[in-house]
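Okay, so here's just one chain, in structure tokens, the form predicted on its own.
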């Protein structure tokens, strides 16, 4: 056996532990964007929210919830599909999607962390708010449910699920000498790859999936209730808010999972594992949810235009032909274009990765726009009191913080990929 062959055998799979020039450039760029975001946040922390585009409602002529809350809802939505797809794979044994299961689990954990950070960014005194949550929190409030169930319970359940489904790979990698061998032994926690142990883990992941799915629906419905139960806010109060939040969460989340799977497939050279069939499965799931959401949107448009109250009419005019019309119709065009593309692929049965990724990008453009429209217009144009119409324009501080959150998420996923297999190992891999 040659030295070259021995070296090859010692290398970890999927490029773990190896940094190319491209990876170093990627990490450097993401760190730079994150640092700019931190600088902007410290400017806000030191001077208050006055350095942002946020202003008081009514007399302040602005909006108290803006880009941060819109992206909080977006990040929480992205988290929905990741763990949902992973759970459905385990429950229904969808073999074609097994290579993307861990990506879904990781995407959920990262998105929940980013969602929590987005909420902290929206608070002028974040630590005071955390203390007050424990001292003055009301369990019957949707806000309490958002922080306790979504941020805490949902994140904990997702971490447990990711860990349980990763132990076997950790145990297998712990047998191979490498710089991460100690970490793998710690994560394996005495795991022995026996038929009995595999049977126990399969049973555990199955029942975890069964338990997580209703938790997901409840958690995302709770986020919708934060808006939908506010009776005095035109555009928010409605029975479609909670199911709409759940469905759009699935749309944006599966779209993100498709994009992540394409990137991972290219970066880790796992084309034989992550096949076109996997993207076809994800695209079909995306199409189903997207059609449901477009139906909800059509119902929403009809509701706000057919004999609306005076306050609702002001809001609908702003959305359909006023200040926010370009965002609203841009979102509709993006979502409809994705639906048309996926429907055409489904009818012709000629699924391609490029088409699935294009649809994933389009639905996320639409999802971001819709999250913004859920949050902002009902504050600037939804006044029931005799205040003038307000306005809100995010400034560089808010954009820098949001871009910093995205880059932080990219760093977390990138670091994971360089430490642990993001695609579950095959039997032949060591």
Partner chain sequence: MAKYAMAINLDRCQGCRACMEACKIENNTPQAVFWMYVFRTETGEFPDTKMSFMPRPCQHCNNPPCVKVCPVGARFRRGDGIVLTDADRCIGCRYCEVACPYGVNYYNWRTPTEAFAAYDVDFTDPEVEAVTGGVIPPYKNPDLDRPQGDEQRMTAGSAHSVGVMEKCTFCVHRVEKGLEPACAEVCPVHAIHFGDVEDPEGPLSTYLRERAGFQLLEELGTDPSVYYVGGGPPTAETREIERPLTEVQR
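Positions refer to the first chain, counted from 1. Not measured: the values here are computed from a predicted model.
FYI, the form predicted in complex with the partner chain isn't displayed, but the following is about it.
Interface membership of residue 65, defined by any non-hydrogen atom within 4.5 Å of the partner chain in the model of the complex, is confirmed. For the chain shown alone, residue 124 is a contact residue for the partner chain in the model of the complex, at least one non-hydrogen atom being within 4.5 angstroms. Proximity of residue 233 to the partner chain in the model of the complex falls within the 4.5 Å heavy atom cutoff.
For the chain shown alone, residue 137 is a contact residue for the partner chain in the model of the complex, at least one non-hydrogen atom being within 4.5 angstroms. Taking a 4.5 Å heavy atom cutoff to the partner chain in the model of the complex, the contact residue among 296, 180, 329, 225 is 225. Considering the partner chain in the model of the complex, the lone stretch of 399-407, 55-63, 360-368, 23-31 in range is 55-63 [heavy atom distance within 4.5 Å]. Each of 49, 388 and 391 comes within 4.5 Å of the partner chain in the model of the complex, counting any heavy atom. Within 4.5 angstroms of the partner chain in the model of the complex, the stretch 326-357 places no non-hydrogen atom at all.
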